[in-house]
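Shown below, as structure tokens, is a lone chain in the form predicted on its own; questions about how it binds or moves come after it.
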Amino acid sequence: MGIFDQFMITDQVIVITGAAGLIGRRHTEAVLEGGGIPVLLDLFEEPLAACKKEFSEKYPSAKIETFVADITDRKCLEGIRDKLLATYGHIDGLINNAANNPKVEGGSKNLGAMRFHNLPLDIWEDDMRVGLTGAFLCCQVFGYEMEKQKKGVIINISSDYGVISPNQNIYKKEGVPEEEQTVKPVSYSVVKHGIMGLTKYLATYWAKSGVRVNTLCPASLSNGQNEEFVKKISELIPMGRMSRPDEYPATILYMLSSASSYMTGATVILDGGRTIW
């Protein structure tokens, strides 16, 4: 097999959670470019259908599976697993991408004037439920099938905030009282650090079962943020800019494919150098 051939994942069934989001779409693109079969899981039907339509038009001969799914519901996940096994007979990969991400550009309910001392418990619990419990359940349900097959790949999506703490200064607004300033919540940091712990545990647990488990830390994804925010965060990045969505698929494909066959328990950081400063 040639070097470039190792990047192909032809007919491999890859489950992607949170697939209808911005970076979830890039994971889908990576799977399709490698010849794989993406299985798109998302909580919301409309964006999921739009995602399938977009990629079906771009890759007309590709197989694309979609499921409206609550990844915190084990029975829901088991139903999807059973359907995939009945159709294809195997599950080859899992990308744990779903999480509640408090974004500057989206008016997120969990990004606002909430200090550590007054972060609502329901937001904390929901962030943990989606970002950690959901990933845990997906690994149990889909990862166990890979263990039985003696082969498979899991990629857990963390963040630069799984390596460093949020710099709250980039969210600050001039002239706004401290208690009213926007804060990146503690729950996001805990989830993204925790997902790396899940990777390390499973990488050793399944090391001799043919299942590789790694973490990808995307960072500073450009998505229409306001000019002030872009300037502040770019000054913290050695490369001096935010990342483009198209800078992720090639790395995802490498991590899914046999090109990375000796990689497990690793943390791959795509952050323009931010975490080294």
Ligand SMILES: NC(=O)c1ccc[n+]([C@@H]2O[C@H](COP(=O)([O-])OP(=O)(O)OC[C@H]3O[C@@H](n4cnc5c(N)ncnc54)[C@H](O)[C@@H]3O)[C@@H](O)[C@H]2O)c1
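Note that the structure is a prediction, hence the values are computed from the model and not measured. Residue numbers run from 1 along the displayed sequence.
Below, we turn to the form predicted together with the named molecule, even though it does not appear here.
Options 172 to 180, 199 to 207, 79 to 87, 152 to 160; stretch whose heavy atom lies within 4.5 Å of the named molecule in the predicted bound form:
Among the listed stretches, the partner-contacting one is 152 to 160.
Only one of L43, A62, V230, A50 comes within 4.5 Å of the named molecule in the predicted bound form by heavy atoms, so just point that one out.
The option sitting close enough to the partner is L43.
Taking 4.5 Å between heavy atoms as the contact cutoff, choose which of V141, I164, M114, A99 touches the named molecule in the predicted bound form.
Of the candidates V141, I164, M114, A99, A99 is the one lying within 4.5 Å of the named molecule in the predicted bound form.
4.5 angstroms heavy atom contact with the named molecule in the predicted bound form for I71
Yes.
Is there a heavy atom of G34 lying 4.5 Å or less from a heavy atom of the named molecule in the predicted bound form?
No.
Are any of the heavy atoms in A266 no more than 4.5 Å from a heavy atom of the named molecule in the predicted bound form?
Heavy-atom contact with the named molecule at 4.5 Å: absent for A266.
Can you work out whether M255 and the named molecule are in contact in the predicted bound form, taking contact to mean some heavy atom pair no more than 4.5 Å apart?
M255: no, not in contact with the named molecule in the predicted bound form.
Residue by residue through 221 to 259, which ones have a non-hydrogen atom no more than 4.5 angstroms from the named molecule in the predicted bound form?
Only a single residue, L221, comes within 4.5 Å of the partner.
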